[in-house]
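So this first bit is one chain, no partners, the form predicted on its own, shown in structure tokens.
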Amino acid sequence: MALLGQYLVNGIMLGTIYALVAVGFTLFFGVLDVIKFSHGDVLMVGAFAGFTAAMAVAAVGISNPVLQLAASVVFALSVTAALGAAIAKWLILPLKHAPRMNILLVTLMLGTALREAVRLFYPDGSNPKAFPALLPTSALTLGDFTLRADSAILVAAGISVIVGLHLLINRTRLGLAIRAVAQDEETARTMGINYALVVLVTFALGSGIAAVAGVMNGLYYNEVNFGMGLLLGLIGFSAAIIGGLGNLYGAILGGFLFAMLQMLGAVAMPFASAYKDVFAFAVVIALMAWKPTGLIPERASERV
């Protein structure tokens, strides 16, 4: 039971990260009906931005971990939000009426360019970087079960971001504008909504949330590397698909479900726990064959 409890806690921790990544995919698709395959690499840029900020703050003599963490998160959010808005303005919107394959190809190439840029131009970028331990290292031990303080803090932070996003989408004028554009672009324009601005803000928001996930991943594993966005992006996209692409709550559900599948694979195959990702993706394939629209399909209205 203690081992199962440990796996459950690990699943919740990973599920929080995956849900934050999946939310970005579903925001982009919901507003503009596009899949931005560079999302995982934007997350990687955010993780490196957070790492750089933490190192810079420590280099100037500020040793307080709270200040280092705040600088890391704020800088990562700023860099990725600006990057997401720039991608929307100069790549996505100009290709809005182009074939969908064009956008898929452009964003895929952009992700490769971002990844290779970090590897080539960041100092010693080919090697993993040790992310500083900025959270408490204490732990609560109950028999064989151990709850790390940093894991609890990260889960609480991730859930707070998800709750904040829910309130933003459902309780603010900006959220109303985003939902209006997602439901019917033409009617939203007619009602006076600045369509281009909503798209830029949405891409900045989704990219900023990805930065939070990247910093959380760095804090949890105490490491960042230039290829980290590949797997996280694929898992986030899979979570968004299985939850129901375009549905915010489906993306969150999909993120936690994928993490639990990984943990289930580790429990079911303790002799080969390295194959937990294979097990999780296999189950996702089976679920998609059974329910192609996802667990919570997006509700869409047909215009006559």
Partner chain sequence: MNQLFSRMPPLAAAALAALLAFVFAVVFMEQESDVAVISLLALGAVAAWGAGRVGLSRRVSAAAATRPGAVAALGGAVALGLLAVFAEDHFPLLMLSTVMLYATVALGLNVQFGYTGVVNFAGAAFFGIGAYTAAELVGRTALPPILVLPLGGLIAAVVGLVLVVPVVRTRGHYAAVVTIAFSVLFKTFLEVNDTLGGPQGLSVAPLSLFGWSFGEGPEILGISASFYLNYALAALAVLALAFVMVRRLERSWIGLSLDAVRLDETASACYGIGIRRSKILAFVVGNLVIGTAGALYGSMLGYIAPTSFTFSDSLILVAIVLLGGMGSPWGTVFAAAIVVILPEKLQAIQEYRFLLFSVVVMAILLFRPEGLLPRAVRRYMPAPKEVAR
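Between two forms, the rigid core is the largest collection of C-alphas that superpose within 1.5 Å. For clarity, every value in this text was computed on a predicted model and none was experimentally measured. Numbering follows the first chain given and starts at 1.
Just so you know, the form predicted in complex with its partner chain exists too; it's not on screen, but the next bit is about it.
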* Check whether T112 has any heavy atom within 4.5 Å of a heavy atom of its partner chain in the model of the complex, and answer yes or no. => yes
* To do: Give a yes or no for V278: in the model of the complex, does one of its heavy atoms lie within 4.5 Å of a heavy atom belonging to its partner chain?
  => yes
* Looking in the model of the complex, any heavy atom of L142 within 4.5 Å of its partner chain? -> no
* With heavy atoms only and a cut-off of 4.5 Å, decide whether L253 touches its partner chain in the model of the complex. => no
* Structure fact -> With a 4.5 Å heavy atom cut-off to its partner chain in the model of the complex, the contacting stretch among 78-86, 199-207, 94-102, 131-139 is 94-102
* Decide if the three candidate residues I35, L245 and T293 all line its partner chain in the model of the complex, where lining means a heavy atom within 4.5 Å. => yes
* Option touching its partner chain, based on a heavy atom within 4.5 Å in the model of the complex, out of L168, A117, A156, A149 -> A117
* Name the single residue among V163, V74, L174, L234 that comes within 4.5 Å of its partner chain in the model of the complex, judging by heavy atoms. => L234
* Structure fact -> Restricting to 9-32, the residues within 4.5 Å of its partner chain in the model of the complex through any heavy atom are F29
* After the core is overlaid between this form and the one not shown, has the C-alpha of L287 moved by 2 angstroms or more? -> yes
